[in-house]
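The form predicted alone is given below as one chain in structure tokens.
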Amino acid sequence: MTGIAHIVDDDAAIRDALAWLLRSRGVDSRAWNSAESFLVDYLPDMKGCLILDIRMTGMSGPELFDRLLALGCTMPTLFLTGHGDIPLAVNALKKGAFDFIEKPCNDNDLATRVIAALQLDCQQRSQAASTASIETRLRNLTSREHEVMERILAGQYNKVIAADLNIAMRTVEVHRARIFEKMNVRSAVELAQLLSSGQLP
């Protein structure tokens, strides 16, 4: 399992129990005893997921979550909640939290949700890397190649593109070949699939 479960809880017994549970399911973890101490160590390139207690001495879990959102953190976040904390947890879900687990909880359910959060983080990072790669390729296209590409994606034939842009059909063919080469595709269908996979406009 790639990624680390970052546990933030001011109860040492809970931190130890969570670490043992996750280790038994092959998940690496690291623990902090306060939101403040986690913020000191936080780095933008941290991978994995967060497990935050709702109520802690000092900064609360939701307050930490808000701070991390402001810092651009995208790690999926699970909240550990007591019965009276449900409204707080629901509010966190509305802001994009991954899930909340009510204490006391079933160990298997908790571990399964953590693993799902780690998988989501991996998928999101892979998607972000793919999108960045596609954007880099698009930036290598000339303005004319962008114009030709838009028309290729619209399903226009070379002769229609040539007439539309007032250029020779042979020039369109050259542009098409260069677009496919720069975008690393072999056909208009592959080009459309590539741009769709990157979720780009």
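Sequential numbering from 1, following the sequence displayed. C-alpha atoms forming the largest set that superposes within 1.5 Å between two forms make up the rigid core. Treat the numbers as computed from the prediction; the structure is a model and nothing was measured.
The same protein also has a form predicted together with the DNA, omitted here; what follows describes it.
- Distance criterion of 4.5 Å from any heavy atom to the DNA in the predicted bound form singles out 174 from the list 163, 174, 154, 132.
- Between the options 167, 31, 39, 46, the residue in contact with the DNA in the predicted bound form by a heavy atom within 4.5 angstroms is 167.
- Residue contact check for residue 158: one or more of its heavy atoms lie within 4.5 Å of the DNA in the predicted bound form.
- Mapping the unseen interface onto this chain, residue 25 falls outside it, with no heavy atom inside 4.5 Å of the DNA in the predicted bound form.
- The DNA in the predicted bound form comes within 4.5 Å of a heavy atom belonging to residue 182.
- Although the partner is absent here, residue 144 lies within 4.5 Å of the DNA in the predicted bound form, judged by heavy atoms.
- With the DNA left out of view, the stretch that reaches within 4.5 Å of it through heavy atoms in the predicted bound form is, among 60 to 68, 47 to 55, 136 to 144, 31 to 39, 136 to 144.
- Relative to the superposed rigid core, residue 144 undergoes a CA displacement of at least 2 Å between this form and the one not shown.
- Comparing the forms between this form and the one not shown, the C-alpha position of residue 172 differs by 2 angstroms or more, with the core used for superposition.
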